[in-house]
Each structure stands twice: as C-alpha cells, then as structure tokens.
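Read the single chain below, which is given as structure tokens and is the form predicted on its own.
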Amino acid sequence: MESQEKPRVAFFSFTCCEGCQLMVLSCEKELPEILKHIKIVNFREAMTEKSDDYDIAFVEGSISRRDEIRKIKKIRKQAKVVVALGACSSTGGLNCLKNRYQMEEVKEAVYGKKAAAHYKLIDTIPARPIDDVVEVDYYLHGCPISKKEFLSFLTALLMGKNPDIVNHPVCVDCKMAGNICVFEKGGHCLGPVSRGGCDAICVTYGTWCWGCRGPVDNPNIDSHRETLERYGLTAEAVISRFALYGQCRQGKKC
C-alpha cells in the first residue's frame, strides 16, 4: 500500500463456519505487531464497531443467497484489494455439496415439509465462490486457512510485494513432513493434484488429503483418477471424493 496512513482492513462473512477468521484471531502473539501497521475497521468475530471505509477486504464464505450477491458487489466497489479467505470463498467449499440437489429438495431437508408454504420466502441459491460474482485479487486457500500462510501473505501485501501463492501439490509438503505416502499404506488421497501450503497436516495426523485447498494449476486429474481406481476405488467413490470440496469447479456452472 502506498499510503502513509495505516491501511484500513475489514473482515466479512458469508456462508461459512467462520473458522478462517478464528484462525486469524489465533494469531494472538502476532496481532499486537500487526495492529501497528493496519487498522481493523470491521471484524464481527472480534469487535462490534463497523465501518464502510476500508482498503483491504478479507472475505470468508461462499455466496449462497441472493442478498449476498448484493453485499459482495458493494464490498468489491469499496475495497482496493479483495482477498478470498479460505475454501468457501475461494472454491465454494463444502457448501457446494448442496448444488447436487434441487433447491426445493434442500429447503425440505433443512426446514421440513411443514414449511413448504413458506419456501418462496427462503432465500437460497446454489452455492458458489465469490469470484463467480466479483473480481478477486488474491486467494488464501484451505479449510481452514493456514495461520503461517496468512501472516506471510499479509506481510508481503503491506510491504508492497506480490504475495507468493503456493502452487505445488500436497505431496511436496508430505515429503517435507516425512510422511509415509497414503497410497503405500493402502489408502487413498487427493494430495497429488491438490494445492499444498498446508504442511500436509491431514496426512501428518493420520488421515488423507481431502483437497480443501483446491487443485494446483493445471493438475493432471485424469491421471490421478486412474491411480485411485488402480488402488480399488470405484468411479462413484472417486467422483464423490473430488466433489467434497470441488463441486463448483468440477461440476456445472452455478
């Protein structure tokens, strides 16, 4: 930022669990130093004051209601920099699972048949990442985001540098962590095609990569699908695994 004044920073929530904002708040040791360089003017998780005057907008959550379309357009109009914070805003995240169904089915599952008379009043549309509605300047991936990556990103942004966005597969992080490959243990994993930068935390703690950070640029998905099938997954299971976090990007346009 060129201004000598502190950049004014705002955090916004759309359809999400707000876990990524909690990750920001978990920077309790770093926040005092951070606040020397920025002025936070909107952060529902941390303060009651609000302002519509901000330079940088961190946006968490996917767009799943019509009124959210209006709100995200207003944010884009005000902010000099818009950052998609986490999987829901970057790729649509888990919220896009509902896109497999008709919206009337979703309403019935959530609110029950007795509420059918009021379905028209319930504002819900297929979930989508925020860049389906507005232009996004930067993406911080993950479910939730990496605290280390957030701090590195913010530091670069405040220094006027172009933040480095990780574009290597999770497999790289896994090898650096010294993990045994999930496939070698008889399991299945989306690490070969998923964006790293997470230190392979899921594999390190005994599960596998779910692909929450989205695919690396130009991933060889077809090759990975063949690999999964070679290790015993059915085509339906493969599709299901890719769809957990990637329904919006893999499926039809919302």
Partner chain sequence: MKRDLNIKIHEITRVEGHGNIVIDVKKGEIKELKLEIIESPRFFEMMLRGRRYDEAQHIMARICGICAVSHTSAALRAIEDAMDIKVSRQATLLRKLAFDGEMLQSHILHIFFLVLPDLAGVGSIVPLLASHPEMAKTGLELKRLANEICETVGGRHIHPISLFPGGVVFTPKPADLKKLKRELEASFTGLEAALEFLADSELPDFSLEREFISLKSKGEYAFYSGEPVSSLGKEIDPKGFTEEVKEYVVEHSSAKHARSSKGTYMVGALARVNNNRRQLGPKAKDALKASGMKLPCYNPFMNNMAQLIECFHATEEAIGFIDELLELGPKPEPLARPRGHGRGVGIVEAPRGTLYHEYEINRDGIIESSVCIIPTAQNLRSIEDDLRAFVPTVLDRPKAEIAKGVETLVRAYDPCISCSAHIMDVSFLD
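None of these values were measured; they are calculated from a predicted model. Numbering follows the first chain given and starts at 1.
As for the form predicted together with its partner chain, it is not shown, yet the points below apply to it.
Visitor: Out of A177, M159, A115, I165, which one falls within 4.5 Å of its partner chain in the predicted complex, going by heavy atoms?
Guide: Exactly one listed residue reaches within 4.5 Å, namely A115.
Visitor: Using the partner position in the predicted complex, report whether S26 sits within 4.5 Å of its partner chain, counting heavy atoms only.
Guide: Answer yes; at least one heavy atom of S26 falls within 4.5 Å of its partner chain in the predicted complex.
Visitor: Give a yes/no on whether T48 approaches its partner chain to within 4.5 Å in the predicted complex, heavy atoms considered.
Guide: So T48 counts as contacting its partner chain.
Visitor: So in the predicted complex, does any heavy atom of R65 sit within 4.5 Å of its partner chain?
Guide: Flag for R65 set to yes.
Visitor: Consider G187 of the chain shown here, and say whether it contacts its partner chain in the predicted complex, taking contact as heavy atoms within 4.5 Å.
Guide: Flag for G187 set to no.
Visitor: For the three residues V134, V136 and Y138, which mark the spot I'm curious about, does each lie within 4.5 Å of its partner chain in the predicted complex through at least one heavy atom?
Guide: No, none of V134, V136 and Y138 comes within 4.5 Å of its partner chain in the predicted complex.
Visitor: Could you list the residues in 84-106 that come within 4.5 Å of its partner chain in the predicted complex, counting only heavy atoms and keeping sequence order?
Guide: Sequence-ordered list: L94, N95, L97, K98, R100, Y101, E105, V106.
Visitor: Mind checking the CA-CA distance of A116 and P126 in the predicted complex? It differs by 3 Å or more from this form, so is it closer or farther?
Guide: Closer together, which means the C-alphas of A116 and P126 are at least 3 Å nearer in the predicted complex.
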